[in-house]
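Okay, so here's just one chain, in structure tokens, the form predicted on its own.
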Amino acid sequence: MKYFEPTSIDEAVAILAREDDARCVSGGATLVAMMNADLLSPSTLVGLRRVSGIEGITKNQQGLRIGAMTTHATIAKSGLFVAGMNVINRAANQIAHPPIRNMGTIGGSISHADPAADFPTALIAANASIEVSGMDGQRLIPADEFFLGYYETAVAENEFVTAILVPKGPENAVGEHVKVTRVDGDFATVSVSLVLAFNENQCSYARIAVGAVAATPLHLDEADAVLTDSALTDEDIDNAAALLVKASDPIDDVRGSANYRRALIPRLLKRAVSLLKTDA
């Protein structure tokens, strides 16, 4: 196996274009585990730890830019995630255990595209975009369009994730990420990421994403619309959840049956709304 450690985005892209069956490795939390289990055997690894400009969180007029090599722990501890953007670091706080959070990176997590992972769901709720770099330069992919299926993304061959861009969203928004797991630190049986904004006693903005109930995190404009301009009554939440349950396509696996997953959607949505009402 060949191993390269480029120091720039351009150098990394050139290696990906030149080498057959090349895979990027960032924190290695997922990729190395899959290689150890003989699920993947790339002929070339491109280590990203020395690539400049793809680590850290920076604030700008539009919101936040999160470098792909930023660790879960850094995101979890950052005070830059204000208003609805905090759905992302609340998700980061729930990923696995401290050793994994210290090693794993957000770029590696979303590139793996496991719908039971925490970041994909949170990024869709935050209406984020994914920056990828390739031979033709950089392009932005909305999070809603980035995840294409189980372990499949819109990243083209010879491209890799370099950053995540998170918009400010409504000024008075708040975000929450809740999940049910089989054991502490596991991937979600079901997760809900929710961003709400309030105008007095009314919900003025809502964006819901549900993880682990389909091949990609589930987001429906129709469900958002049910909560928007509502008083967030139990009936409102049940109506939004019913749309999500109907659109879901969960699987049966060791973490839970499809029917159990469907039953969790309204319960987790109510929990998230209750927590956000308390925060607002």
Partner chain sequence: MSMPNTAVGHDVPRIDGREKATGAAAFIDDMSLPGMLYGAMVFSDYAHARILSYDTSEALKLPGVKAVITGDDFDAVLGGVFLKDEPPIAMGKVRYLGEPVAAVAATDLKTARLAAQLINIEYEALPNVLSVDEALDPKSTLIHEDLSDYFRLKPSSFEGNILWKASISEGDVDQVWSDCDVIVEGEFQTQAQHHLYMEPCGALAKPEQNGGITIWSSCQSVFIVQQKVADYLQMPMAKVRSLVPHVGGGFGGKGGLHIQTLVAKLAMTCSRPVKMTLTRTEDFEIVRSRHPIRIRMKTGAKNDGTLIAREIDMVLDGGAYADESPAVLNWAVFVARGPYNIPNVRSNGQLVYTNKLRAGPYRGFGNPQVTLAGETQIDEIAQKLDMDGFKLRQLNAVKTNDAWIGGQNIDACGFDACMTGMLEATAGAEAEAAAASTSNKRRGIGYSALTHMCGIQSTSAEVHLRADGSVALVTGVVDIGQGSNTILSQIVADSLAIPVERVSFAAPDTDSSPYNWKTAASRTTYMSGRSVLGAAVNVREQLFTHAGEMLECAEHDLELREGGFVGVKGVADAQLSFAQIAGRAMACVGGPIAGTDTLVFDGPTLDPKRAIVDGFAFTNVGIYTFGMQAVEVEVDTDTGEVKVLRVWSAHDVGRAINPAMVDGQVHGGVVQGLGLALTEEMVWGENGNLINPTLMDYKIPGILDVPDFIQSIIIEAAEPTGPYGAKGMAENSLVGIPAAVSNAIANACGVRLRSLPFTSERVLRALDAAGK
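Positions refer to the first chain, counted from 1. Bear in mind the structure is a predicted one, so any value in this text is a computation, not a measurement.
Here the subject shifts to the form predicted in complex with the partner chain, a form of this protein not shown in this document.
A single residue from the set 200, 157, 184, 171 has any heavy atom within 4.5 angstroms of the partner chain in the model of the complex; that residue is 184. In the model of the complex, the partner chain sits beyond 4.5 Å of every heavy atom of residue 113.
None of the heavy atoms of residue 82 is located within 4.5 Å of the partner chain in the model of the complex. The partner chain is not shown here, but in the model of the complex it comes within 4.5 Å of a heavy atom of residue 180. The partner chain is not shown here, but in the model of the complex it comes within 4.5 Å of a heavy atom of residue 271. Screening 185 to 193, 159 to 167, 130 to 138, 202 to 210 for residues having heavy atoms within 4.5 Å of the partner chain in the model of the complex returns a single hit, 185 to 193.
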